[in-house]
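There is one chain below, alone, in structure tokens, taken in the form predicted on its own.
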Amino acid sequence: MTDSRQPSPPIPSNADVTRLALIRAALKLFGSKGFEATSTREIATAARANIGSIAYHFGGKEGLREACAHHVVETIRTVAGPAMRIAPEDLPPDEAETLLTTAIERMVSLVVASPEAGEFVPFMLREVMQPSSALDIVYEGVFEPVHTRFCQLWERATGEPAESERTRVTIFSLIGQVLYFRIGRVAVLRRMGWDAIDEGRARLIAEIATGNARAILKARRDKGR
């Protein structure tokens, strides 16, 4: 008789646990205080780790910043996975639209609703405003490939060229509407009278964001006929 049970995931080693704790602590501190204003001692204290572990795992603070960038890339690419794995040229327009709107829904779940986003979004914003080698890692690992793939899906769904200025700006606008709910979170909560963005409110945001995308898609398709 064959055992159909899935194998248990490997138990992370103490070194892996420490490494992740340092990355998560650094993401928070680099995002809130900035890279230069954050000391390695602060990071180690927040991670409940020995200060020497930063040099051991990353070679120093700069290496830790780059590890933070790689962590952001891995996190976002996991969420965008389905949209990245399927070749757009093989999709009919309706399936391309579904894949694009599903990716937007998953983005809302990660960026708006998940606690992890509170760690990496401020880090990313600081990198955009004060670029370093970490921004290159995030741009090449997430920004450029994800945006390019969304543009390719848009082309399949509408017939508009993926690399036209109009398409690229449209995709930035669709991504931006999601990011605002994290970047402007304090203002959103105050204006809405919410104490938090829970699962139900995240579903509402996703419904409106994907509805906007579908409306623009329909208008562009109708115009092209």
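Since the structure is predicted, the reported quantities are computational estimates derived from the model, not experimental observations. Think of the rigid core as the biggest set of C-alphas that the two forms share within 1.5 Å after superposition. The numbering used is simple: start at 1 and walk along the sequence shown.
Below, we turn to the form predicted together with the DNA, even though it does not appear here.
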{"item": "Output flag, F143, S173 and T210 jointly within 4.5 Å of the DNA in the predicted bound form, heavy atom basis", "value": "no"}
{"item": "R41, heavy atom within 4.5 angstroms of the DNA in the predicted bound form", "value": "yes"}
{"item": "Touches the DNA in the predicted bound form: G60 (any heavy atom, 4.5 Å)", "value": "yes"}
{"item": "Non-hydrogen atom contact M192 with the DNA in the predicted bound form at 4.5 angstroms", "value": "no"}
{"item": "The DNA contact at I51 in the predicted bound form, heavy atom, 4.5 Å", "value": "yes"}
{"item": "Region of this chain that lies against the DNA in the predicted bound form, out of 157-165, 175-183, 52-60, 193-201 [heavy atom, 4.5 Å]", "value": "52-60"}
{"item": "Post core alignment: S39 C-alpha displaced by 2 Å or more between this form and the one not shown", "value": "yes"}
{"item": "Yes/no, P161 Cα shift of 2 Å or more between this form and the one not shown with rigid core fixed", "value": "no"}
{"item": "Rigid core fit then I216 CA moved by 2 Å or more between this form and the one not shown", "value": "no"}
